[in-house]
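Just one chain is shown here, as structure tokens, and it is the form predicted alone.
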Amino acid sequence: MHWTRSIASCAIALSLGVAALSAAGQNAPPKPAPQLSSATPSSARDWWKNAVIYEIYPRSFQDSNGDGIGDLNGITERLDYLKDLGVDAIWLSPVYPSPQVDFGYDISDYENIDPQYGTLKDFDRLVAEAAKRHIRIVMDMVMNHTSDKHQWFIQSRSSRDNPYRNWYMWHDGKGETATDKGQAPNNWQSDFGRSAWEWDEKTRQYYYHKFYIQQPDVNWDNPKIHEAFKDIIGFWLKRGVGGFRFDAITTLFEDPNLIDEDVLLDKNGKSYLNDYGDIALNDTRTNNLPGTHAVMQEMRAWSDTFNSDKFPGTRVLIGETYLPNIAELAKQYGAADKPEFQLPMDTQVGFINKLDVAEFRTRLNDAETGLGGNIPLLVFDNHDNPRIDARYGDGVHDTDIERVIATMLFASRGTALFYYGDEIGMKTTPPARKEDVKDPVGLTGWPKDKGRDGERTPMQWDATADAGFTKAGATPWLPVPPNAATINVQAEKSDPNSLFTWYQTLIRLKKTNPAFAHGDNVMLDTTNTKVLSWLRLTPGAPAVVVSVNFTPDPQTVSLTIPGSGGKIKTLLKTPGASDPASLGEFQLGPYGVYIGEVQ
């Protein structure tokens, strides 16, 4: 037996749990129960600490008017489904007016709703109806860039002496003359391929864009940008939103000296090409610069001044934080006197993209011990990455592997964020031909990078031709995958062995079991390279053991828990598995999962 903490401290906590043991253990899924983290006024301040957050890509969730594009009223229609699933908050990818070059992440007006999604009245109705079900709405806040059709940029581009000129990143080229634009200011690249600098012939300067040409970066060294975004945040907080997810937040600042990025080298010391055919570069001069921390301290202080009749208590700030290590992630929480995010995304766990027991054990333990006691936000999937099947599945055991992933997500300490369709096992379905691609990433990167259409296909509600996503005869904006005939909500909700039932059961355990809701994670059997096991411990409640087989072969597990007799009561297990007699020796099937309460 190997421990990541003191055996003595674990034994004390366990003995407290055993002393308070009740007969609540069960084999069948728990019955529906109140959502403890958000349903009561006493928990309003800390609702996010054990929350379940569900990302919706609005274009693809539910079309209410038959135009083939999902909308706000469609989301409102499906709120009872989300309540039944156990969701505390919905993160909406952008629904603001936009030319849709990057499907909403190029915003032309931050204080309105794009007509294809509805109106502000529709949005207010969504917030109100969600509140009735104890569900908060979290907006996407894009502060790194705007659309080139935003009035700020239109003004900025109109002349060098326009008052909005300094709202964006304008620079002269190298070797520019009256008749020659010269070269771009440096070698910085867009994350979507090619140079990050675009020449503007009218004003004869380059502007910087970390992403698409149509997404110019704003200038965060300009105090007016700070005030403008505080006004935008206030606009939505006054409408009752539960917080914001901050897109690409680590890219707000760039090296003011415009020094070239370093060229990345392979193991032979040679440069190489990225997926777009460009020389691969580091991004240390355009990503994770320290200025972002002061901005987020400012935005957190501002958001903390707002309250709401719909939802008294905390407005949560979530960060899109792809960072190199746990120490950098820990910085995103800020200090006690200068807080930043409540929930920066711990992408170091969910995007390992291989079932490696040692790696997951290390990363999950980092989240437990390396964040200064802050609450981790675990996430395994989102709208920018292939779905779980494509990154972790083997094509044979995909459903069982998805149970493994869901168990790590919901049975670990902290807040859980998942992507629409994960709960039914939706598959990544990329376009087969370049002419079918909608995502500009795929148009630039084809065929090596087919873009993100494959993870954005319509939600699969039933087995009809349009999967219940739109009205009969309408054409969905992306094709409905053929597997919707068998992978859909209607089929899985009635199946006690389905992936949907697994998600729903795990979420209810997360809400109702004290060790799951509040307990620490303590890793067990830490030299095992095939099975990941951990203990959930909280004083005054029974401890819970979780064991997950990372292989397609059956595994025998032997665990010894100090202070216990080795007896266990099943809370959840892979369908068809047997109940173990004790922790001393039990079996896990291929990619099998066992969760039990220690006696």
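For clarity, every value in this text was computed on a predicted model and none was experimentally measured. Each residue number is its position in the shown sequence, starting from 1.
Another form exists, predicted in complex with a small molecule; not displayed. Remarks below refer to it.
Exactly one listed residue, out of 383, 493, 149, 293, brings a non-hydrogen atom to within 4.5 Å of the small molecule in the model of the complex: 383.
Contact with the small molecule in the model of the complex, judged by any heavy atom within 4.5 Å, is made by just one of 520, 102, 114, 254: 102. At the 4.5 Å threshold, heavy atoms of residue 422 stay clear of the small molecule in the model of the complex, well away from it. Taking the partner from elsewhere, residue 248 is found to have a heavy atom lying within 4.5 Å of the small molecule in the model of the complex. Residue 470 falls outside the set of residues with a heavy atom inside 4.5 Å of the small molecule in the model of the complex.
A residue is said to contact a partner when one of its heavy atoms sits within 4.5 Å of a partner heavy atom; residue 215 meets this definition for the small molecule in the model of the complex.
Although the partner is absent from the chain shown here, none of 346, 387 and 391 has a heavy atom within 4.5 Å of the small molecule in the model of the complex.
None of 484-492, 221-229, 207-215, 409-417 except one has non-hydrogen atoms within 4.5 angstroms of the small molecule in the model of the complex; the exception is 207-215.
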